[in-house]
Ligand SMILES: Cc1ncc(COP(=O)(O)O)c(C=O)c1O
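A single chain, nothing else alongside it, follows as structure tokens in the form predicted alone.
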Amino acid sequence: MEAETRIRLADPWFDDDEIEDVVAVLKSGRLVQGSHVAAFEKQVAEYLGVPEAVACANGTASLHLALLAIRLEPGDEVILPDFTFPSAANMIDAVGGVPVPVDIEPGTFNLDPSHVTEHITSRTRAIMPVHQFGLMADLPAIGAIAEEHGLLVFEDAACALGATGPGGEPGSASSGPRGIGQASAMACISFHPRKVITTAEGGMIVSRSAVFAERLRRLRNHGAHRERGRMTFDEIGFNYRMTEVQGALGTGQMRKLGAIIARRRELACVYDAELAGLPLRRPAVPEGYGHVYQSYVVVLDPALDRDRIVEALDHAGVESTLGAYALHMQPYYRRKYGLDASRFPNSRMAFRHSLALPIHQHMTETDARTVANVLRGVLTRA
């Protein structure tokens, strides 16, 4: 018999203040990209310590705008991890660029810097690390490679608002922990319901460059700028504006970001303790990094059938899913780019055997122990 109670994979946290803010927006009749969106942009920029933040419709739109802002040319190559949600590669391909997947580190799920240099060619334009599941990639190593070869770095930070990594040189002004957007051309954030904070949908690009930010703002609004009270269209753009409803939700969510991250880390600690000794690999957090656990993802023993484990957990009342996708195993990328599977052993393993467990603000530590106990029983029977 299927369990009556369910522990959901994700469950956004909205309070009465946020609901009242949304109602006030609806009553105002001012619904698209106004003061609430501007306040949300300011909050995120100040939180991250960067001068520019440009809100947009969703995380995929933020990637599209960033690629357009750097003026990626047809045939230009962008290096990215093979193990990721396909939106990053999709947008590179959509603007005429060539996504160049690279294998990942097995412990962190992030782009392996030791494999990057061998994939750099005369057409390489940028490196796009993805901060998988809320853990920042090794930006110091990736940045050093990019600087040596004259490449841009821009971050797919969809899952990583609030995450930190190692800082700059000891004794420098930037020697402390660095967040997203502080050591790259741009960082792209998502506010999808499974992310750390959510505006239902929504995205944002943060940058230290006023030049990039100015172009991003034009591109999200049909390629236009306002002059003497009307719009002048300098180039082709898109309707990627954020709504005021999203902005109002975002400002409320930002007020709670610290509490949300703290709770996710507490639940991750429970999982780490309760899952010890099971036939799986728990998520690794290198020294000097601050994980925000957008997802808590383990890798099962290869002898286990992950999809059957997901089904068994669901039957027992625990929602779960795979971690992410291996680009080289997706029909479109395999067919178009002829990717050699032997180049991606770690990505292949992660795609076949990763398992995302529930983690969100509404969970108690007892819920996390329940998930671990249910998983223990399922793995024992398997």
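Note that this is a predicted model, so its numbers are computed, not measured. Just count from 1 along the sequence shown to find any residue number.
From this point on, the text means the form predicted together with this ligand, which you will not see here.
K.L.:
Looking at 70-78, 151-159, 215-223, 93-101, which stretch has residues with any non-hydrogen atom within 4.5 Å of this ligand in the model of the complex?
P.N.:
The contacting stretch is 151-159.
K.L.:
Which one, S354, Q33, S320, T60, lies within 4.5 Å of this ligand in the model of the complex by heavy atoms?
P.N.:
Of the candidates S354, Q33, S320, T60, T60 is the one lying within 4.5 Å of this ligand in the model of the complex.
K.L.:
Go through V196, V116, V130, A183 and name the one with a heavy atom inside 4.5 Å of this ligand in the model of the complex.
P.N.:
Exactly one listed residue reaches within 4.5 Å, namely V130.
K.L.:
How about H192: is it within 4.5 Å of this ligand in the model of the complex, going by heavy atoms?
P.N.:
H192: yes, in contact with this ligand in the model of the complex.
K.L.:
Would T124 count as touching this ligand in the model of the complex under a 4.5 Å heavy atom rule?
P.N.:
Close contact is absent here: in the model of the complex, T124 is far from this ligand, nothing within 4.5 Å, heavy atoms only.
K.L.:
Evaluate G202 for contact with this ligand in the model of the complex, applying a 4.5 angstroms cut-off between non-hydrogen atoms, and reply yes or no.
P.N.:
Result yes; G202 sits at the interface with this ligand in the model of the complex.
K.L.:
Is T84 close enough to this ligand in the model of the complex to count, meaning some heavy atom within 4.5 Å?
P.N.:
Yes.
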